[in-house]
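Below sits a lone chain in structure tokens, taken as the form predicted on its own.
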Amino acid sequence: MSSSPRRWGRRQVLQSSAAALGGAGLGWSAAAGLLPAPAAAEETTGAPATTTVPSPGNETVSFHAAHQAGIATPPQATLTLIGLDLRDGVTKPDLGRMLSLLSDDAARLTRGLPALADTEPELAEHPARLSVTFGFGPRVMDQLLGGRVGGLKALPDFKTDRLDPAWGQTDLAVQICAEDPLTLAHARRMILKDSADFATVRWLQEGYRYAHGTVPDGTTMRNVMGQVDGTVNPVEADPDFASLVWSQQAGFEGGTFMVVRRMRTELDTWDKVDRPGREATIGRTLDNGAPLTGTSEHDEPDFEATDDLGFPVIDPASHVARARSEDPAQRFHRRSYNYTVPDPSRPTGEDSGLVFIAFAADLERQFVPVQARLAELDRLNEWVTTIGSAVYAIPPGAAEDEYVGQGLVER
């Protein structure tokens, strides 16, 4: 790390371009919006008129809102999660300048506009539901921001974890999601370029889900093990979503807390397990995700049901049984992605797993008890190992004339 932050030029551009910045913000909605592709002109040749189907490449997610995008936002197809460590000597005012710059980048790119001084403006033309979410690690919250927000501390050690420091806690996290990988790559490059004077990259975690249009909207994702993953997941339409996800702490209202767990899967040995064995491990069928006591994905599991021999239909050590709690507060909002990277040292030639991302108003109350039960006893632990773990405070969203985290940095 360098001994002090270097000078940077884009802030001067921002200061001297107030008119451009203000003009870019005019009319921005505080809610997520869509910019459909323009309809084709009516045919005048006598042939039937044609219309252009709206393209996901033209859809936008507003950056300015009460909550940051990328949390309650329906998950996009691709993810990059960036872990940044602040350079030595970076101060709270420096952090504010960095976030002002990056927030301006995100606000423009999510509208399909190039960032200031964007050297590849054509790559910004298709926003593809791009969202950018910023989070602060414990060191930033405690040392730079004075510990004004409670509830952010390292997770306890879970006995099944095999954590690699390379995937560990960082000072900042930036979650970038989009439907198109080129749109995402361009946004990632802009964020990395404009943060370089203030921070160094610890890790990049990339992930994927079904591409837009592959399955109907609202379909539960599948992980690389073939399982329907995230059936019991509160969504924004649920009446208790707000209390489970959004913080009510003074000065942090509308923010939330994020946990990131990099979970490696042992696909070479999982491939050797027959289908009944896989389903018994999970407690759900593989074809549609129904509990073994039901017929459809969202049927309520019957943990008391027994088979003809008197054994439980759903193994008490199965994943679904261990994840379930009688306490309705032990729930959180999941927004995970699969990952696959080449790794010739592994039998499969690749490292695959889950970038597990979850949001909660209180991680210690909502997330930790669930993870502790899974670490204590879960048949899935034979094939899944957590190799990275980090937690972040996710500030509330920013108004059009603010940057993300401004209420914390300038308070």
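Please read all numbers here as calculations on a predicted model, not as lab measurements. From 1 onward, residues are counted along the sequence shown.
Beyond the structure shown, there is the form predicted in complex with protoporphyrin IX containing FE, which is absent from this document and is the topic of what follows.
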Contacting member of 247, 131, 227, 183, with respect to protoporphyrin IX containing FE in the predicted complex [4.5 Å, heavy atom]: 227
Listed residue that, although protoporphyrin IX containing FE is not shown, lies within 4.5 Å of it in the predicted complex (heavy atoms), from 188, 148, 126, 334: 334
Candidate stretches 262 to 270, 112 to 120, 97 to 105, 206 to 214, one within 4.5 Å of protoporphyrin IX containing FE in the predicted complex by heavy atom: 262 to 270
Site check 73, 77 and 175: each within 4.5 Å of protoporphyrin IX containing FE in the predicted complex by heavy atom: no
Residue 282, heavy atom within 4.5 angstroms of protoporphyrin IX containing FE in the predicted complex: yes
Contact flag, residue 200 vs protoporphyrin IX containing FE in the predicted complex, heavy atom cut 4.5 Å: no
Close approach of residue 195 to protoporphyrin IX containing FE in the predicted complex, 4.5 Å, heavy atom: no
Exercise: residue 313 in contact with protoporphyrin IX containing FE in the predicted complex, heavy atom 4.5 Å: no
Heavy atom contacts to protoporphyrin IX containing FE in the predicted complex at 4.5 Å, residues of 308 to 337 in sequence order: 319, 320, 323, 324, 332, 334
